[in-house]
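This document opens with one chain alone, in structure tokens, the form predicted on its own.
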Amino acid sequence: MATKNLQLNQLTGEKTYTEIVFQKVWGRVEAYRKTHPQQKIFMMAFGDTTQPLTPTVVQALVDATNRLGDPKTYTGYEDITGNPTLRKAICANYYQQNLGIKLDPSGIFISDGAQSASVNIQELFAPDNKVAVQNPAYPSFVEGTLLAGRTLVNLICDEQNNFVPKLPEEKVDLIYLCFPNNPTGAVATKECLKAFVDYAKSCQAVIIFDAVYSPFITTPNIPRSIYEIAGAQECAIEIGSFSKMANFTGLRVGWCVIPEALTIQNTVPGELNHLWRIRHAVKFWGTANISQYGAIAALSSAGQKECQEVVNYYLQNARLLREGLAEYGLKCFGGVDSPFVWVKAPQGLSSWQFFEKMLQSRGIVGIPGCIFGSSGEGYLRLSTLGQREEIVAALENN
């Protein structure tokens, strides 16, 4: 007799981020629109990009499509770990050239975005491994842990510690770190990351480092990769993505790095890399080859220049929104090294009360901070990945 997956069942009934956003957040917006049809609504809830693909990427996609349309140049399946040229470009152009970090292409695995890589990577580890997650956190880290039936440990991030967690007080096996952080926009110093690397090495734990927003870092001396920390290749997996820096939210290309040097208690160097390669072959036969050609173009000299312009556009949005809200007396965090502005609710309002106040007074729609965890209560996350005109209009709206 077939029975349901009880781990999956515990995530039903408006318990996942997606369900809450589309049922409760969007539901409240639609209800408000019906009673206030003249009110202009400014959507700053979703982390979706709005700018077009850059010219270099578009040309690469057109060229790739034309090759696939010709029987003489048609190709089918790619290498399931990713297009070799793309994996080399990530190592040479993204890590070596930009960050001075030397990685081997054999450690790069191409995925269909950061979310699937960051959640699925748990399959590399034993079911009884204990997982530490920042609170507030990107919800998929928590949901993926619950889906796997693992014990979850919260690393509290609040205003008092600049939204950067302290080391776990108990022994854990996996540690999710996300910097620049989604939702708070906080960044971690080298000293902070070194402490986590030292902890992971001493406990033979593994750091799963979400670096999706690292291209947005502008503050000097803030690491853009966990591998800027000595010894991190022995204890950390890094997740990257083209979604935000190159507007690839529709093309779906990301990567994870599993260095040969990464080891845990019962492994030797290279073993975890090999095991992930096996898992990859069992469950995932590669990202769309057209999308990967676009990613290769994004890492070219011209492509990187264009992508930086995209990042600068969103950062300018963030600066305008942060400064504009501050003029209205609201306390804001993030928005400097991140496209997210983390706004503190005034007068002791709850996250949902603040959500309603911003919707009704300014037409601004964000995500209540409590959705990201208990430490997010009393905050609202606003995304600045939208159009400049919307940001300006929202601030001018009375």
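This structure is a prediction, so every number in the text was calculated from the model and none was measured. In this text, residue numbers run from 1 along the sequence as written.
Form predicted together with a small molecule: not shown, discussed below.
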(request) Using the partner position in the predicted complex, report whether residue 252 sits within 4.5 Å of the small molecule, counting heavy atoms only. (result) yes
(message) My question is simply whether residue 244 lines the interface with the small molecule in the predicted complex - judged by any non-hydrogen atom within 4.5 Å.
(response) yes
(message) At 4.5 Å between heavy atoms, is residue 187 in contact with the small molecule in the predicted complex?
(response) no
(request) Tell me, yes or no, whether residue 176 is in contact with the small molecule in the predicted complex, where a contact means a heavy atom of each within 4.5 Å. (result) no
(request) Go through 199 to 207, 235 to 243, 155 to 163, 71 to 79 and give me the stretch that gets within 4.5 Å of the small molecule in the predicted complex, heavy atoms only. (result) 235 to 243
(request) Select from the listed residues 213, 94, 109, 293 the one whose heavy atoms reach within 4.5 Å of the small molecule in the predicted complex. (result) 213
(request) Let me know the one among 286, 223, 144, 113 whose heavy atoms come within 4.5 Å of the small molecule in the predicted complex, would you? (result) 113
